[in-house]
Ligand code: GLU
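Have a look below at one chain only, the form predicted alone, in structure tokens format.
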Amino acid sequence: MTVRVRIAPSPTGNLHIGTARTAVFNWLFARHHGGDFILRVEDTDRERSRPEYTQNILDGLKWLGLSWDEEPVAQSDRLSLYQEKVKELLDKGFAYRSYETSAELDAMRDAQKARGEAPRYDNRHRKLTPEQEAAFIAEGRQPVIRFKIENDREISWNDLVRGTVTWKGRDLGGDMVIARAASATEIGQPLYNFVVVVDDIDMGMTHIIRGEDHIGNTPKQILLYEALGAKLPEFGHTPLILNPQGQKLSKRDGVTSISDFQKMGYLPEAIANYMTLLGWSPPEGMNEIFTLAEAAEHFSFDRVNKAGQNLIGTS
């Protein structure tokens, strides 16, 4: 099996050091195993995605020395594939059209809050009769498309960093929206948790290496892999880069983009070295000043820390 991994940034801002560190770990893993490192641009957020941000991401990865092995793929070019796969889930009975209004969903959440319950969709439109559905259509309602999640399902995987991770279906928030509202004869804009699975299947990803803030997405995505009849990749969730207060690093914390470090005069080799050490411990006897190629020779996830790593000197 050829190892295939990807970095999938969203071009809604400049290349963030957290995304870049994830790219470094993916690149190191791919090079260690003689595999492929793929770049996918997740630009389906039409309102916030900008071509200048895409260029900033490409330039930043190149500056760091992270070469990719195939032409970059843009999600915006793949809408027909996503819609085809949504229709497949509808036809198989794994998904359905859901006609709730915003006001009805707000009332449902308010009632749950009043009862001291965590907010979740209560699957109320999962088993509509043809007559009920026709009535909603006659009202002019535009349905979203939801993927069925059974409360009694238990979803487990062996995480490359964290070992065995287990979630209960009942903790995933109810049936998941996989496509935005559209007419009852159309399929609206497919959403993140769905399209990322379709892409990873279609592009043959063998390992999904990303930040621990995605752990809550993984059980939902595993269920989607199963429904689409695809083999599961291996998952690894790396520690986040934190600010001095121990929170996920954000733009408010000062210098956080790769282009900012570049403008400040840092060498790409120094930044790549530093990011590699934000979560990975070199083996005994290895110098802590190294090239990416040297790190790739020794890289493995059994030396990746579980705890978040503080970025210093960014303000």
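Only a predicted model underlies this, so the values are computations on that prediction, with no experimental measurement involved. When you see a residue number, it is the position in the sequence shown, counting from 1.
Here the subject shifts to the form predicted together with the ligand, a form of this protein not shown in this document.
| message | Looking at Val196, Ala179, Met176, Met205 here, can you tell me which has any non-hydrogen atom within 4.5 angstroms of the ligand in the predicted bound form? | response | Flagged contact: Val196.
| message | Looking at His214, Arg141, Lys148, Arg120 here, can you tell me which has any non-hydrogen atom within 4.5 angstroms of the ligand in the predicted bound form? | response | Filtering the options by heavy-atom distance leaves His214.
| task | Could you tell me which of 223-231, 206-214, 94-102, 157-165 sits within 4.5 Å of the ligand in the predicted bound form, going by non-hydrogen atoms? | result | Careful reading of the contacts points to 206-214.
| said: Ser10 versus the ligand, in the predicted bound form: is there a non-hydrogen atom within 4.5 Å? | reply: Taking the distances in the predicted bound form, the answer for Ser10 is yes, it comes within 4.5 Å of the ligand.
| Is Glu42 close to the ligand in the predicted bound form, meaning a heavy atom pair under 4.5 Å apart or at it? | Glu42: yes, in contact with the ligand in the predicted bound form.
| query | Is Tyr192 close to the ligand in the predicted bound form, meaning a heavy atom pair under 4.5 Å apart or at it? | reply | So Tyr192 counts as contacting the ligand.
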